[in-house]
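Shown below, as structure tokens, is a lone chain in the form predicted alone; questions about how it binds or moves come after it.
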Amino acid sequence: MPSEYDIIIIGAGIVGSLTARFLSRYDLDILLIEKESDVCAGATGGNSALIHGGYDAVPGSLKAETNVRGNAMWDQLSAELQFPFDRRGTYVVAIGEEEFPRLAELHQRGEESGVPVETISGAEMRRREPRINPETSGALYCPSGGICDPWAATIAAAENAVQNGVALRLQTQFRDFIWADETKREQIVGIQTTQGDFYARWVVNAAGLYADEVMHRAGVRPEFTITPRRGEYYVLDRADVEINNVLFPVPTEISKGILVTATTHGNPLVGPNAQEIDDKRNVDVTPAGMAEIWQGAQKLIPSLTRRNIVAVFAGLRPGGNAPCLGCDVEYNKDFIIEIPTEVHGLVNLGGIESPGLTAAPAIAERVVELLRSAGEELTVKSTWNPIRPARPVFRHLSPQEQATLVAADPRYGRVICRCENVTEGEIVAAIHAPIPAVTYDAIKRRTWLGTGRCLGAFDTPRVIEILARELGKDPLEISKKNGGSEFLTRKTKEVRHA
């Protein structure tokens, strides 16, 4: 691959991948790097999968502006990139009369930010969600809210970027900047990585949890720090629990609260809590944290029982301390979206926590405008194609469509994951996609196998076999997520052929 580009993007989460996809429209040489073995492996891979309406963010903040703008972009985005998105609306539920006045403040925030909101009665909320706490006194309904699959959205955006000419390098970690003059350190001309040096006119910092470390290497915003905020979750069995809505509690100053929500895959999700920690890689769940979110879930849906639980996980939000420059109130949790004046050649993105998933397309759009305003010539490519065709999902097809698919490719007739009805054909298609899935977790992100009640106990040996066969590797080389997480350590017996 060439080492000289027009633009380098650090980080292939939802913001970096969408930025690459938006910039791929133009006649530019672009490199997208990611330190993990797959896209969507950081903060984007562990969140509530919600598209927020925008009533919660402080009016006038970048969070509020990009939330509202980003929210409006998801219909077209999901249609072009063909990933699951459902604009079913969200509810903030007040339990007891003492919580009801807080809805008025959220209602006012929504109106100030241009977000459609409606306050409904407790009786109406109980009609819309029969399992809700009977002490519900009312709710704030936001019809523009929705749910998506953040894995699918990020993968689709990155694949579309690659299809439109963006170069992607995985397992490539940023180390430092390259300067035109090392003494003055005013003009960035490239980056040093674990896979060598790469040069470009512009570097986009979309490093998520590590965005503060990247900007500090450039001498930008030394006072800005990212504190990981861990959120723990329960995943519930869709066969046991049917939740049709996105249910928030009344929020606190530091968190939108522990919610109970429907998902695009049907499994209700419970969480998250908010624990500020020091380790940017610590995604462990804790007994105290899980007890906290279960208590919060039962406040909304008292009938939930622990037998409904399928899995647990935790994700990290890259909370920052950037001030809101356009707000009338003191607020230091805003997004950073800028071209800093201290150095040339850097687009700096930081503190992209919730509602970062919602705001991501608007952030990508702003990056394009920042580059244009800085004098970058952006010429639309005649070959640019915004459509990324989705691969077949066997369990979503009609019996006739399934039969047609199996007739064309018999591998779609072999079910590998029984819980989620994922076939060999889907796994093979993911392995040979524009961004090849070469680990078990990468297959999981693309097909949803291993997420049912058996948690991969049935499918794992077969997936290892398929990966080894399709990649031409020894089964001992197949890993869960990257080097060091191989499933097998040695052969126990040789297969003898007659």
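As the structure is a computational prediction, the values presented were derived from the model and not from experiment. Throughout, we count residues from 1 along the sequence that is shown.
There is another form of the same protein, the form predicted in complex with a small molecule; it is not shown, and what comes next is about it.
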Heavy atom within 4.5 Å of the small molecule in the model of the complex - the one residue of 164, 245, 172, 113 that qualifies: 172
Go through 338, 353, 159, 424 and name the one with a heavy atom inside 4.5 Å of the small molecule in the model of the complex. 353
In the model of the complex, does each of 54, 90 and 257 have a heavy atom within 4.5 Å of the small molecule? no
Answer range among 447 to 455, 469 to 477, 34 to 42, 429 to 437 for contact with the small molecule, defined in the model of the complex as heavy atoms within 4.5 Å: 34 to 42
Please run the contact check for residue 357 against the small molecule in the model of the complex: heavy atoms, 4.5 angstroms, yes or no? yes
Touches the small molecule in the model of the complex: residue 316 (any heavy atom, 4.5 Å): yes
Quick check on residue 50: any heavy atom within 4.5 Å of the small molecule in the model of the complex? yes
Considering non-hydrogen atoms and a 4.5 Å limit, does the small molecule approach residue 272 in the model of the complex? yes
